[in-house]
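Below, in structure tokens: the form predicted alone, a single chain.
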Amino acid sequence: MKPSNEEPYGYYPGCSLEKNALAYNESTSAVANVLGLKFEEVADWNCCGASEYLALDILPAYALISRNLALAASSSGSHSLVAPCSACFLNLSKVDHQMAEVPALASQVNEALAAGGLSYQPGSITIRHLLDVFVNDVGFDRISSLVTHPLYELRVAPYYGCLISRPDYEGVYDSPEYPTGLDHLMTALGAEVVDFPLKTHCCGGHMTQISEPVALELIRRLLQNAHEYDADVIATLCPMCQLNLDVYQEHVNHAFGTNYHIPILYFTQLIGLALGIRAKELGFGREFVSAKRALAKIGKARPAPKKKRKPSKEALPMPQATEVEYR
């Protein structure tokens, strides 16, 4: 549901955007100002518990998460709650869905919430990822019309991660295996989107704290895939994905003898650049792998369209993927 001009979006930043993903928060705010989007932060929000808490005890974990939904439903003028963090988005969506599916669970959760004078009716808030808002509410055409500094010649690998497209409780995303919304968004900015077959593969999450060899191999695969397609940057929409691919990139180089130097940027930072917002206002410089060299590749003129190579007559016919658009 798209809020009216007078109706702001409820906004749940989550813990990461307060610290290590500060650039995500800064760029989101800067871009929202240009696009005329109004985000109203939920007062007194708390951590969503990430993933570990859910594995320990479902009831207190769901109560912790649903407190944010209850606060949003009671204090926000919007029926939408936007979460930029993919883990937060998944947890909020999961709790809302499970409370609707299992009335006994909803009753127990509300009994816990009652201790703080709160309650939550599942379905009263629509939980949305920030990408959903840019793609479906603002739209590619409007964003493209506001671009003043196109990202010509910048080769971008769009990385969705494994959390936002599956499970898709509300049915708003496209293919769970090969989504394209972020691809189209980057194209609207003038960037050259490269094929990125591992775009929905896991970055390892918190595996860096459990088994570093496993974590580094998962990260290496993603970096290698982007490298194979000559990507200048990887555009992400998840703080955990950005952290793993950025912070541990040098660890990967050391462990595997590679020499990756691929900046991992938030998609909102790239939108901001294309809209003419100063890099400093978008949080550039906070990344471990500097983006300066990659951004210097941005051209001044639109590149000439590339001619498609005709397949060899001897080549086997290849099936074509069906592209499913956002709702």
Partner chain sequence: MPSTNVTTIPTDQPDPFVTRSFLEEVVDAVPGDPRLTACLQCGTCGGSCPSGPDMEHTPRQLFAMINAGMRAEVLRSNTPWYCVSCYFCMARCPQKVQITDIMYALKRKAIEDGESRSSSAADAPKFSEAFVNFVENYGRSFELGVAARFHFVQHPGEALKMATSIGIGMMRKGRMDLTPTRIKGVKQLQTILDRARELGGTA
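Being a predicted model, the structure only gives us computed values, none of them experimental. Numbering follows the first chain given and starts at 1.
There is another form of the same protein, the form predicted in complex with the partner chain; it is not shown, and what comes next is about it.
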Identify which of G204, P84, G181, P158 has a heavy atom within 4.5 Å of the partner chain in the predicted complex; exactly one of them does. G204
If we define contact as a non-hydrogen atom of the residue within 4.5 angstroms of the partner, is V34 a contact of the partner chain in the predicted complex? no
Should S211 be classed as touching the partner chain in the predicted complex when contacts are defined as heavy atoms within 4.5 Å? yes
Going by a heavy atom distance of 4.5 Å, is D141 a contact of the partner chain in the predicted complex? no
Taking 4.5 angstroms as the cut-off for heavy atoms, does D132 touch the partner chain in the predicted complex? no
Only one of these stretches, 123-131, 110-118, 181-189, 144-152, has heavy atoms within 4.5 Å of the partner chain in the predicted complex; which one is it? 110-118
Can you list, in sequence order, the residues from 223-238 that come within 4.5 Å of the partner chain in the predicted complex, counting heavy atoms only? none
